[in-house]
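Single chain ahead, written as C-alpha cells, the form predicted alone.
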Amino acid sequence: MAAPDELFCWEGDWGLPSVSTDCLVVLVRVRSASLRRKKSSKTSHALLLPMVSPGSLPALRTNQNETLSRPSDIIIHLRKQKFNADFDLSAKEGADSLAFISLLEEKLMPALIYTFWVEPKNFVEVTRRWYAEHMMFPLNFFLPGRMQSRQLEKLRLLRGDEHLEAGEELEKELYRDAAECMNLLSQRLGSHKFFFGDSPSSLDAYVFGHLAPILKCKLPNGKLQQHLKSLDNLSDFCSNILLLYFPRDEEERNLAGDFDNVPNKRRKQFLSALFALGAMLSYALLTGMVSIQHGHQEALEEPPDPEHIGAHEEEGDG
C-alpha cells in the first residue's frame, strides 16, 4: 500500500488548526474530501519554514516524493487524487463558486493582509511575535520581517499599485471593501449551513480560511472582527466548520490551554538559549574578546633546561 501524501502547515493557535489562511483552505479541502471519499492523508504542523523561500507553507509532499509549495498546485494535485470538494456542484454553482472566490481575493484578501501584516500594532504585538515564537533561533530574528515584505508586495500586486504605502486612507478603503464582501457572503449563505448543498465546497474552504483568523485572533485593532461578529450566520459558519472537521483539535486546544504547551515552550526556549549561547561564544572567540590560554600545557611540553639540570646534580653531589 502506497504511503499517503503528507501536508505541512503552520501549527494552530487561537482555537484554529492553523494560523495561516492558505493552510486553512487546504486543510478544510483535505478533511472534507477525506471524509466523503474515505481517502487517507497525513498532516504535520511545521514549527519552521522548509528551506525554501519564506512563507511557502502549506507544502505537500506526495507519495512520489514530489514537493508542492503553492496552494494552487496543491489543490490541482488533490483534485487528481479525487480530493474534489466540487464534484457534486452543477455548472451554475461552479460558476458562482469561482465568482465568489475571485471576490474574496479581490476584496477580502487585501484587508486580511493589511490587518495582520501591515497595521503597525497588529503586526508588532500579534503577527511578528507569534511567528518569532514559533521559529528557532536565529531564523526568528529575520524571517518574520522578510515574510512581512512579501505580504506587502502581494498587497501592492492585488491593488495594482507598486508604490502603495500604509496609511489611514488606505485602511478605510480596504476595510470598506472587506465589509462589503462579508455582507455579500452573508446574504449568499443565508440560513444555510454551507454555501452549496449539504457539504462544504471549495467556496466554503476559501471563506473559512479567510474569515476564521479574523474571527478568532485577538487583535489590538479589531475593526474587521467587530463587523464579522455582527454577521451571525458567518460567525456560526466558521464555528460549524471547526466542529465538523477539527473537533479533536479544538477540544484539545480548549481543554489543555497553556498547560500542555509548557513542555514544548520550555524545550524551544532551552534550545533557543543553547543556540544563542553557542553563537555568543563563537563570536567572542572569533573577535578575540575571549582567548583560551595554554600556558599550563606549554609548561608541560617545554623541554627541561640543561643548565638547571647540571646545577641540581652539583648540589646533590655536595
Partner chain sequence: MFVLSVGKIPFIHVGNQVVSELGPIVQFTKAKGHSLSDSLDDVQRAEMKAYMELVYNMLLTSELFVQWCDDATAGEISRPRYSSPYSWPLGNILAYQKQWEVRRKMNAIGWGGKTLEQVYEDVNQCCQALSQRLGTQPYFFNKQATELDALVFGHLFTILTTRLTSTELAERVKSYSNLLSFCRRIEQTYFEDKKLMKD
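Residue numbers count along the first chain shown, from 1. Values in this document were obtained by computation on a predicted structure and should not be read as measured data.
The same protein has a further form, the form predicted in complex with its partner chain, not shown here; the description that follows concerns it.
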Look at the candidate spot formed by R70, E180 and R188 and say whether its partner chain comes within 4.5 Å of a heavy atom in all three of them in the predicted bound form.
yes
Residue contact check: R146 to its partner chain in the predicted bound form, 4.5 Å heavy atom
no
Closest heavy atom of K92 to its partner chain in the predicted bound form, within 4.5 Å or not?
yes
Please determine whether L243 contacts its partner chain in the predicted bound form, using a 4.5 Å cut-off between heavy atoms.
no
Is K107 one of the residues lying within 4.5 Å of its partner chain in the predicted bound form, judged by heavy atom distances?
yes
Quick check for you: of 115 to 123, 209 to 217, 231 to 239, 147 to 155, which stretch puts a non-hydrogen atom within 4.5 Å of its partner chain in the predicted bound form?
147 to 155
Using a 4.5 Å heavy atom cutoff, which residues in 98 to 132 contact its partner chain in the predicted bound form? It's fine if the answer is none.
L98, A99, F100, S102, L103, E105, E106, K107
